[in-house]
Every structure is written in structure tokens, then in C-alpha cells.
Ligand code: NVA
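Single chain ahead, by itself, as C-alpha cells, in the form predicted on its own.
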Amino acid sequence: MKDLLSLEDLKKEEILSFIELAEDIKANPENYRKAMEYRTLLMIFEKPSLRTRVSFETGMTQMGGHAIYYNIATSPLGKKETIEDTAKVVSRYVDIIMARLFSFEQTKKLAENASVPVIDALSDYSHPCQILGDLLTIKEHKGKLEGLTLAYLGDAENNVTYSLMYGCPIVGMNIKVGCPAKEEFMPKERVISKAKELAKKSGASVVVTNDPIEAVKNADIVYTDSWMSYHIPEKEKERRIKELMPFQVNAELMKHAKEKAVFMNCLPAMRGMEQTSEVIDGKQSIVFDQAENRLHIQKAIMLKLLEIK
């Protein structure tokens, strides 16, 4: 494996190996203090970020490496220089690249032309680092992955939903997606088909429903994400809230999940929108464990791609 672009291409053993290494890094950070010594990570940002930038940069620092933040807004990339040329140039300077771009196709071009590993740190199609960190978090809290059921509620036509729909079935987790019956909120048909294909191999199930109660029924994990992603105009907010409110994760909806179900949101989160305060700030919420684990899983991803561990 040279790059990490989408979970759909990974085998169960590969996902579990990322998680196992992250568990060891988290438990024994002193063993990795010099793992990235004299190595440099280039972080290319087209989209805004809090967790992605801070966790990747901190991860490199804690392992003895160096990270460069590169903002496309002040870059010739896409104006005077192609992404293909950029990939070839920076491959001569750095050891590994992390890209947070709007377009998955652009991320693929970057990887195809780079001679060093490339990580998709979020694009319009994929968010593999987030979901690998989520699976680590679920394993910590539930002791396993196989046989569990995750319910995703809300806007399901996005990178997080897609990566969950690939990652969960690969490791043998069932996934139920609850979203409005409108094309703008539903996963693309090709994503559903691919997810079901992956589920068939592992014995898991993939369900897409327009009934929020059916989605969360007997779920071990209830997951939601922002209703107003970065690319959505502010003028759409009122309409989207009205459409998505039946899928808000609140205390009443959580009652339909298992008694010991946990609540997840990849953050940022708006209280009163995709979830209520009593849920995200309540005892079932593991959102900050989830956020922390981005650091540990991304360390594991970088080490694996560079074949250091």
C-alpha cells in the first residue's frame, strides 16, 4: 500500500493492522518518540481544518518529525502550476504528503504523480483517517467491531457517510443509514452498491432507510455529522434544518438504540441541530475520545505507509 485514499480498497486485515498499531502507539508513546526522526510531512490544505491540522502536525512532532502547513489560497497550485507538477516537485523534498482537498479526483492525481505516500485527509468523497479513528474508538468502548451495528443519521450524501459505509462492512459491522428521501441527502447508488458488495464478503448488512427510528433500532453506535458542511451556502441553512430535523439525534431517538449505545459525531457539532446538547454532552457521548483518536490513528497511518512499522 503506497497511499491511503479510500477505505473501499482496504482489506479487513489492513484496517485492523492500523488499529492495532494505533493502540500500541497510544499505550506506549515513548516507543515512537524517534520513529519519524529526519522525516517531513507536507500538509496541503484547500479546506479549513482544526482537528486534521493539529492532530497531523502534533503527531509528526511527537514522533520526532517535522510538518509543513501549505495553504492553497496562497499557492500557485491550480493557477500557474498543475497538481501533477506539484506532486513531482514536492516528492523530491518530503517523505509523505497529506492533502485536504475539495475534489477526490484531484487527490487521486496527486497520489498518481507523487513518488511518496499520499493520504486523503478529507475530500468530497472520502474521509478515511476519520473513520479509522472512529473504528479505533468503537473498539476501545465496545471491545470488538465485528457483529456491532452502527446507525448514521442525517445528511448522508457526504464523505463521512461514504467512508463509514465502506469501513463498517469490511470489518464485519452492520450499518444502517437514516436520511431524508431526497437525492441531495441520500448516498449515491454506486456507494450503496459497493457497500453491499463489501458486506456480502464479511456477512454484515447495509441498510438505507428514510425512517430515523428504524435506523437507530437496536444500534450499538449512533452517529451523526454536520448539516452545514463547508461547501453549503448559508442561505440553504433554514431549508436544510427543516428537512433534516426529523433525523436529529435527541434523547427520545436514543431510546430506540441499545441501552448501552454510544453517541458519536466527527465534529464540529452544532448543538440544537444534528444533535441536542443533552446527547452530545451526556454520558453516552464519546465524541472527544473520537477526536483524540485522530492523533493516534494518523500516527499509525503514517508509519505504515512509510513502512516504519
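Numbering starts at 1 and runs along the sequence shown. What you are looking at is a predicted structure, and each value in this text was computed from that prediction instead of being measured.
Beyond the structure shown, there is the form predicted together with ligand NVA, which is absent from this document and is the topic of what follows.
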Pick from 79-87, 188-196, 120-128, 206-214: which stretch has non-hydrogen atoms within 4.5 Å of ligand NVA in the predicted complex?
120-128
Ok, Ile68, Met245, Ala251, Leu267: which has a heavy atom sitting within 4.5 Å of ligand NVA in the predicted complex?
Leu267
Find the only residue in Asn113, Asn159, Asn174, Gln106 having a heavy atom within 4.5 Å of ligand NVA in the predicted complex.
Asn159
Close approach of Ser229 to ligand NVA in the predicted complex, 4.5 Å, heavy atom
yes
